[in-house]
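Next comes just one chain, in structure tokens: the form predicted on its own.
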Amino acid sequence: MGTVIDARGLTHEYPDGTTALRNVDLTIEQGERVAVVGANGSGKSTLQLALGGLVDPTDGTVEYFGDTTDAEAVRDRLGVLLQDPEDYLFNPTVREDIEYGPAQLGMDRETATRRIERIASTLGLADLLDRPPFRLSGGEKQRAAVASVLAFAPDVLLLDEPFGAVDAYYRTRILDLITDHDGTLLFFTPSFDAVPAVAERVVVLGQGGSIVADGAVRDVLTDRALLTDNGLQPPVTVQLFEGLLDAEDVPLTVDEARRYLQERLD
């Protein structure tokens, strides 16, 4: 184990004077799965850009893997998925977009091909690989962008809203790939729907871009006062069961709620 990202005092102001981040301290250890949650305008996307080395903060530093503050020096170890999938689709075909990362890293071709075929099959892209990206639907573009980031097997994934226009079926498929990722995960989202499935730790950003909570998934998701004060709602299952059960027993997901009710019906 070791520290993969260590942010100290991150502050970022845009040219119009808007403060997107304010004095953020955040340490991510190797293998951690962390959800960064906040209402719209709380600075989630800016934090992702800063941690991914895609924007220079106004103040503060980000250190990577315990030995450098130069994001470009570790670019091949960071998989950054932005909100707009078209940022990743710039080659003549979907296949070439997904192959781009592994090719740039010199990944063994046989290994890369196996990996790409598996991801493409999982995300329903096998029949779309030779299609120009501009001919894809919104959901197909999102799946292709996810595939392009996962294909080169980065040590750290920083995913901003990876589901986009994806339907429920492929949302599950993306979740499967994310949870199977053998590395560190930062998942940026405005809602808690997928958080219990992918994360063990939740960081909450408040309005103004500062961290207002950092803790275990259950502790954060069952703290209604914390969430409502910061423009967020607990998962539906928590809303249904809170007041009836102690926080440690409240189901966080639909599957947990189903099991809870089934045990009592049996």
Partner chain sequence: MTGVVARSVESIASALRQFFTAEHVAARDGFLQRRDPRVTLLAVGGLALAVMMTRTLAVTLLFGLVTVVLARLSAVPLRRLLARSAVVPLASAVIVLPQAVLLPGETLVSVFGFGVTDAGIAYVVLFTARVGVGVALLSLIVLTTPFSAVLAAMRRLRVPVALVWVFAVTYRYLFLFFNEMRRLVLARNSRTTGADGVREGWRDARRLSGTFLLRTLNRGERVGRGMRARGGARPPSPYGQQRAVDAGDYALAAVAVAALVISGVVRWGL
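On a predicted model such as this, the values are computed, not experimentally measured, just so you know. Residue numbers count along the first chain shown, from 1.
Although it is not shown, the form predicted together with the partner chain is what the next lines describe.
Visitor: At 4.5 Å by heavy atoms, is each residue in Val217, Thr253 and Tyr260 next to the partner chain in the predicted complex?
Guide: No, the whole trio is out of contact, none within 4.5 Å by any heavy atom.
Visitor: Where, among 147 to 155, 184 to 192, 118 to 126, 171 to 179, do residues come within 4.5 Å of the partner chain in the predicted complex by heavy atom distance?
Guide: Comparing against the partner chain in the predicted complex, the contact stretch is 147 to 155.
Visitor: Here the chain is shown alone; which of Pro234, Gly53, Pro57, Gly206 has a heavy atom within 4.5 Å of the partner chain in the predicted complex?
Guide: That would be Gly53.
Visitor: Would Arg114 show up as a contact with the partner chain in the predicted complex if we use heavy atoms at 4.5 Å?
Guide: Flag for Arg114 set to no.
Visitor: Should Val62 be classed as touching the partner chain in the predicted complex when contacts are defined as heavy atoms within 4.5 Å?
Guide: Output for Val62 is no: heavy atoms all beyond 4.5 Å of the partner chain.
Visitor: Please check if Glu96 has a heavy atom lying within 4.5 Å of any heavy atom of the partner chain in the predicted complex.
Guide: So Glu96 counts as contacting the partner chain.
Visitor: Is Leu82 close enough to touch the partner chain in the predicted complex, meaning at least one heavy atom pair within 4.5 Å?
Guide: Leu82: yes, in contact with the partner chain in the predicted complex.
Visitor: Out of 74 to 104, which residues reach within 4.5 Å of the partner chain in the predicted complex, heavy atoms considered?
Guide: Those in contact are Arg75, Asp76, Leu78, Val80, Leu82, Asp84, Glu86, Asp87, Tyr88, Leu89, Phe90, Asn91, Pro92, Thr93, Glu96, Asp97, Glu99, Tyr100, Gly101, Pro102, Ala103, Gln104.
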